[in-house]
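Shown here is one chain on its own, the form predicted alone, set out as structure tokens.
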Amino acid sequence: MNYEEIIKGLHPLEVKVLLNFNKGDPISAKNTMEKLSFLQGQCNQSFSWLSDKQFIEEKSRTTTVFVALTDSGWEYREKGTPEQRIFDLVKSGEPLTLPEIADKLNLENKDVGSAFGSLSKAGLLSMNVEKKASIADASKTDGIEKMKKLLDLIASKEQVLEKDLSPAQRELVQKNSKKRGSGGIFKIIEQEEIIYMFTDTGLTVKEKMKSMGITGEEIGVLTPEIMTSGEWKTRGFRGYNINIPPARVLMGRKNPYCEFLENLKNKLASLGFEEFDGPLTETEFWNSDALFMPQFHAARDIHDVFYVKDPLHAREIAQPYLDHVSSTHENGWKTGSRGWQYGFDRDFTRRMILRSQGTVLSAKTLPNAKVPGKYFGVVRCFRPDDVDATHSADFYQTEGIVLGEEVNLRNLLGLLKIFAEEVAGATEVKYVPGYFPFTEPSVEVHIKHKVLGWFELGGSGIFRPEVTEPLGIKVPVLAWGLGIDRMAMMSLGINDLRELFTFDIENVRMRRRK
């Protein structure tokens, strides 16, 4: 065994432990902290290293249990437990309801209810016919006194050995101890003491270090202060292994998908677009009805939604938009359309859902939109889709509208080109006719992924008058709703959109470097 090489690789913490204990000495965290002023963590680290090298070995292991007060325990020791305070309050005055007690003592209603239950079970308090707490038997205060004495005992020593408590006190501690995820008066602390001793190999290394003049005080880092003071002249230096690989430097970076979203927002803002946003929960009215999607039509099957259980319905839909939209569905209102020719259900339209498409925000923006105007959003949407490489039940869309007297399909195709080529980075793009109940004409944009092949990026079109006029807009409106997750997948060079939301931090770092 090459002891010199081994000794050169020892950490100063290991060296100090080896040099400051002798054959047969018990080595523990407690005596190491006392003798060498180590912190608990330094003891644990040095013992782990020395054990791995088989320089020390475990001889015994003892677990000691202590009891201490929680923050609530210290507060109860100073102010009294809720049981004691409630009993003293009721005893000193007239009967009170539990809410009155909570108000007077500045306690939570649940704490008052729990404490009253304990007092009632002990026979101290009872509830009279007026539903007020009153004294039942003022002499049965043994439980309150035992708790007070136990709090005083533990507070006087900060922590006590569990074995030094009486069986009754230990039972009281167990009933009121802090459990995981909940509060309590007492906390139980387990401290494990491990005793180590030197092995023959450890003793040999110790003697070799002495003969080499190793002290554990060798300089590990040469600083300007050491150079200036001349300390380097009188102290030795730790050995330096140039073959050890350098520490990996992990620089702080933005998540690549978040950075992609920021770049998209910056690009659209630089083109004069204003950003819109809204709540995740919406009504059927804004999610579908305002977009001229009939309540009976199979087109709604395309946008299956997650329904909200509570509340089931919104209180109301803003007027005059409800009247305008319902008339448009029924007979076309003033749009020149025949509508869908059915009886509009005003209760169904108030049904609460998770928004299934970003176009809901476009519809909500129209009543207050400027003409001319340009708006966009990065919108989180929800649909009960089967999850695969290009689909998710929880996804993002980039949504937008452009309003103006002169806007046309050519302008829309230009915007789609920006998204497909400049944002997604696609080199092969095609535009195909599509159908959506709220746009005419309608266009789908498709891009080709090098692994997944062709897939739809999203839909777009020019809003029909049945959408815009009931919401107060008389000019053409370009609209699009594109899958931004799919654009990011294309831009970042990944083959599965689930990688955008991975918990694998190494995957995220590698993706950022590309």
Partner chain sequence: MPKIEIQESIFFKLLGQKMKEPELVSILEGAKAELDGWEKESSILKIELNDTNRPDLWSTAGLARQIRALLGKGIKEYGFLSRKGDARDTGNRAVNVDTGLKDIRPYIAAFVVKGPPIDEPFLLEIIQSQEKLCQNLGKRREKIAMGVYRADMIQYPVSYIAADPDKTSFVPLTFDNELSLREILKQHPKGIEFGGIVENFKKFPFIKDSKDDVLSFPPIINSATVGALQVGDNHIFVEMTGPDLDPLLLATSITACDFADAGYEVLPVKIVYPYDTPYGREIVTPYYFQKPVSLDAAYGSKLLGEKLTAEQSADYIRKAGNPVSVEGDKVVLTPVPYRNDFLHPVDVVEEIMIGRGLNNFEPVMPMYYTIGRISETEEFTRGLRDIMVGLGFQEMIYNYLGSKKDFIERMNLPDEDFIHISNPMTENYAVVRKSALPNLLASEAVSGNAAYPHKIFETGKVVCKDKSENYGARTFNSLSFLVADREAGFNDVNNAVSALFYFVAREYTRKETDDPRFIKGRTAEILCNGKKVGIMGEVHPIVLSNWGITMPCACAEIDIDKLKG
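Numbering follows the first chain given and starts at 1. These figures come from a predicted structure and were not determined experimentally.
Omitted from view is the form predicted together with the partner chain, to which the following refers.
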Q. Looking at 167-175, 203-211, 74-82, 315-323, which lies within 4.5 angstroms of the partner chain in the predicted complex, counting heavy atoms?
A. 315-323
Q: May I ask you to choose, among 94, 130, 225, 406, the residue with a heavy atom within 4.5 Å of the partner chain in the predicted complex?
A: 406
Q. Can you pick the one in 236, 220, 441, 425 that has a heavy atom within 4.5 Å of the partner chain in the predicted complex?
A. 441
Q.
When the contact criterion is heavy atoms within 4.5 Å, does residue 274 count as touching the partner chain in the predicted complex?
A. yes
Q. Is residue 258 one of the residues lying within 4.5 Å of the partner chain in the predicted complex, judged by heavy atom distances?
A. yes
**Q.** Contact label in the predicted complex: residue 113 to the partner chain, heavy atom within 4.5 Å
**A.** no
Q) With the partner left out of view, is residue 29 within 4.5 angstroms of the partner chain in the predicted complex by any non-hydrogen atom? A) no
Q: Determine the residues of 277-292 with a heavy atom within 4.5 Å of the partner chain in the predicted complex and present them in sequence order; the list may be empty.
A: 277, 278, 279, 280, 281, 282, 283, 286, 292
